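Next up: a single chain in structure tokens, the form predicted on its own.
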């Protein structure tokens, strides 16, 4: 449904995206991760047909995104990183305007979404809170029941309850065979919704993987309170483990999946007063790719 092949798109500053290569199959949810300035928004602009690549191809449902932008956008749902509306319109007027522009007459889907996100359309948009504007953006993106969604920080400004409902909505759309590319800084959101992850750094893709594989490659971490922290630190470090000295008698030790036996044997020689498992998040893994890149330079 989405195919980007050897795409480069640069600005006069020299920044941009370079030789991007990825594809998204029907019925999948892919997280597009990277810090501000990494190239996520530039990629999205190319996918929406707002900018023409310098080289390579950028296709949605087999159509070139720049030359066929109007046809693609009729069947595409988009939430921008920063939503902008006709602020003097009411919420109802704006949705009516968008439905007419898309030649969409069925209000059933729209009404379901309004109820799901508890959005009251009364009043001019300029008086809406950030959360209300974000809900309006979600309803706008989903109400015409498109085949493809491109979502840039979709839950920004939403409270935890509405974030949960958005995750439920993404799961529903996935089950209905929709294709979703989602840029997000909320790693818990990515873990709960995405099948695959693409990590971009400085305009280049540094990793593509399914979420399950990334999570299975996580380092294991242990927080220990030991009677002799200096001895424990030396023993773990000599075995090649990453050791972080915390306050008092507390240590944090990180190991890979095949080092459990060695860790247990060392731990058995120590007087351990407390032991907890440190859960590594997708964010920890994401930052690991960035640290590795910095070390390579």
Partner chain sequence: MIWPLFKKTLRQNWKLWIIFAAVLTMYMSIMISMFDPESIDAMLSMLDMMPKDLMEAMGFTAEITSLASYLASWLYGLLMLAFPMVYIIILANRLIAKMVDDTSFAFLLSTPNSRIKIVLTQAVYGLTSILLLFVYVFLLGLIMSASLFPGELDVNGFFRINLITTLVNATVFMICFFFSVMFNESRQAVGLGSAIPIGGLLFNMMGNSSEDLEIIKRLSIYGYYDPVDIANGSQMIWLVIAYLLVASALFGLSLILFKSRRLPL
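Numbering follows the first chain given and starts at 1. On a predicted model such as this, the values are computed, not experimentally measured, just so you know.
Note that the form predicted together with its partner chain isn't included here; everything after this is about it.
Colleague: Among 81-89, 190-198, 223-231, 177-185, mark the stretch whose residues have heavy atoms within 4.5 Å of its partner chain in the model of the complex.
Modeller: Of the stretches listed, the one contacting the partner is 81-89.
Colleague: Could you work out which of 235, 270, 59, 51 is the residue within 4.5 angstroms of its partner chain in the model of the complex, going by heavy atoms?
Modeller: Comparing distances to its partner chain in the model of the complex, the residue within 4.5 Å is 51.
Colleague: Which of these residues, 98, 132, 214, 206, gets a heavy atom within 4.5 Å of its partner chain in the model of the complex?
Modeller: Result of the distance check: 98.
Colleague: Given that the partner is absent here, does residue 66 sit within 4.5 Å of its partner chain in the model of the complex, heavy atoms only?
Modeller: Result yes; residue 66 sits at the interface with its partner chain in the model of the complex.
Colleague: Any chance residue 9 has a heavy atom within 4.5 Å of its partner chain in the model of the complex?
Modeller: Heavy-atom contact with its partner chain at 4.5 Å: present for residue 9.
Colleague: Would you classify residue 70 as touching its partner chain in the model of the complex, given a 4.5 Å non-hydrogen atom cut-off?
Modeller: Heavy-atom contact with its partner chain at 4.5 Å: present for residue 70.
Colleague: Please tell me whether any heavy atom belonging to residue 155 falls inside 4.5 Å of a heavy atom of its partner chain, as the geometry stands in the model of the complex.
Modeller: It does not: once its partner chain is placed as it appears in the model of the complex, residue 155 has no heavy atom within 4.5 Å of it.
Colleague: Each of 45, 94 and 103 near its partner chain in the model of the complex, meaning some heavy atom within 4.5 Å?
Modeller: All three within 4.5 Å in the model of the complex.
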